[in-house]
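Only one chain is included here, represented as structure tokens and corresponding to the form predicted on its own.
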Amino acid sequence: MLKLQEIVKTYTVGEFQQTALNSVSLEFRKSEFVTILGPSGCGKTTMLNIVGGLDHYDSGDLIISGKSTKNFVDAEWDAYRNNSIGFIFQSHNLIPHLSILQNVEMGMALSGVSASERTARAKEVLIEVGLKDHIHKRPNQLSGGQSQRVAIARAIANNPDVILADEPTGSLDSVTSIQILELIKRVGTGKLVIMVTHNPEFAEAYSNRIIRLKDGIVVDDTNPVKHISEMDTQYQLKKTAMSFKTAVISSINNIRTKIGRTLLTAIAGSIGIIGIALILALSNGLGNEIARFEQETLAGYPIAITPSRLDFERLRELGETDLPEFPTDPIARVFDQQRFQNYLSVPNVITQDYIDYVQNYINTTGQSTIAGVKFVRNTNMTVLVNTGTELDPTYRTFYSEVKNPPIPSNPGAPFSTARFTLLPEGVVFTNNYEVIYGSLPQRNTTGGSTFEVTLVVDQYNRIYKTTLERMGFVIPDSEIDTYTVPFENLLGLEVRLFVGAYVSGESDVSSAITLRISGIVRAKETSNVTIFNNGLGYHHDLIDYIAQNYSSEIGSINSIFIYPNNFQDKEAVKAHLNLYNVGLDDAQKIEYVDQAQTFTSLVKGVIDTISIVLIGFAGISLVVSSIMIAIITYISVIERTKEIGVLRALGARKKDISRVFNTENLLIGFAAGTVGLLISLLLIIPINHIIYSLAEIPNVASLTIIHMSLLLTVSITLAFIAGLIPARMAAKKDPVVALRTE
């Protein structure tokens, strides 16, 4: 079955060379009990390691069932050890953090045997070696003889072809030694058993072939192979692989034996996670507050396309000068203040093509980005209030506008402060206003000349004194601070809208449109700004009615106000508006005004910058904790060197060794991330209380599921990366050297 052909093995230490095996040639039968005798240092263990594939020869060849091993790669040696070899060591070499059952299962786990099958087989061999009542114990709970029985059970569990026993009784008393040798002989029936021992009596008593070595040379063989028919030439390698589940179980068991150190590592590793988590929680909460404020800001400060606009860039340039401040020379310089007016007002010529461009966007892509929009068309109209009686009316002008107003040289804010305001279409109005009395206006679908409007009050239910007076209320100066009007006196109040050029005392008001107040509205508590803050608000159906019946009295669209859903959608709207100007001359371009952007972008920029800086500082602790995990992993590699040798002897690949340690790092990273998140969630509670007591903002700090998942992933990833180098070091350890480590 096995053939050593001119095997030479030399060890080099510095300039000193020691030949452990010198042209050794031996053949072994498929079934025999062979004992190798010889003084210390004669090459016995070296030969055993070469036969077992733990060590490799310098020259010659190891032939396994007719197959040369000269060109074997690591994977083939691993498979050979796992499938064909069962090792029994003098020091037993049980893995301390695994149970007896798990120790015996390990070789089969590397072979890919199913969990149920390997458990059944492990129990069977443990019963066979007389350890039925010790299956779930750990190695440190067994006597020396019992530990060696476990080693024997592990060696035979995978049904190997060859059992290699290196001084199996070296650490046992004579009585126990005899029991162990009897057991090895019994379980080795039908297999090739090669035993190394110093005891010639044991060799004579239990083996049927004795090979003596001296100075690396075979000096005697009591029963050499003489006929080729005695050799078995059938051999097939089966690949070995440790499953992730096996690696996890091994890692968990090792962690459990060092639970204190693991917990301290997890807590230390969680410090960076806690810092970043709290920063993200606060940043997220403040971001939500800003987002809410942005929505409210957008309601009052929409994207405005008006006949004239403020050019803020040019205004900033206006203040720039190369002149020295506070000069000492006794001269006066000329400054043209008219330039200020020129910089304020920049004309916009809103064409029908541009209107169609915007309308097409609103009807298509803009449906998901826009909360409201209004197209403003100036009209020759006057809103009149009857301060007399029905029989003898006396009309007072409440509001008036003309079809073609002059373009103001100093345009104001992009929302109307007039007493009569067109409300935007869409949800932006209902998102920011609530009806506190009456009901929202019903749209005019009958074609009649009566329309419902809303009256607005502020957060204190106040209405401008001039507005009430123009609606016919008489407010004595002595009652300015105490005068009140019941809502019921306002609800249903009617005013007249005269379309055309109104001339007091001459125009026929009997044909004017009737406007009736249907409800009183107020900005919601969550809204800090307003769409309109004075007088009456009307819907677009009134403008449509005027355009249909008084087309000559209404102008073309001269202003467009767009209310995006949020700042992200606002950027999409602005990008679309910018596309219109591509390729146009400056005189043809139509620009918009976005006053809300300057303030909110500044605030968000400051918060984002602070968050990034703080996360950077917190990230340093993450790096430190990663270095600590790397150090602890390296210490673990040193502590478990012998375990590495045992696993390699059982057929574990280098990548399997790496997997064991990498899996342990993943678990530590998961523990660190979990501990960090739990502590962060607990700390958020008092943090929110403190912030609320100082700023009256409830539940600012909040961690999202995305943030927690991200932080957990970061913790696991950093722990994995930190342990890569120690894990590779573990994988590269020489199994022979590792097994000698104490």
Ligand code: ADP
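One-based numbering along the sequence shown. Bear in mind the structure is a predicted one, so any value in this text is a computation, not a measurement.
The form predicted together with this ligand is left out here; the points below concern that form.
For the chain shown alone, residue 718 is not a contact residue for this ligand in the model of the complex, no non-hydrogen atom being within 4.5 angstroms. In the model of the complex, residue 62 stays away from this ligand, with no heavy atom inside 4.5 Å. Among heavy atoms of residue 25, none comes within 4.5 Å of this ligand in the model of the complex. Put simply, residue 20 is close to this ligand in the model of the complex: some heavy atom of it is within 4.5 Å. Heavy atoms within 4.5 Å of this ligand in the model of the complex are found in exactly one of 700-708, 32-40, 64-72, 681-689, that being 32-40.
Within 4.5 angstroms of this ligand in the model of the complex, the stretch 44-65 places a non-hydrogen atom from each of 44, 45, 46, taken in sequence order.
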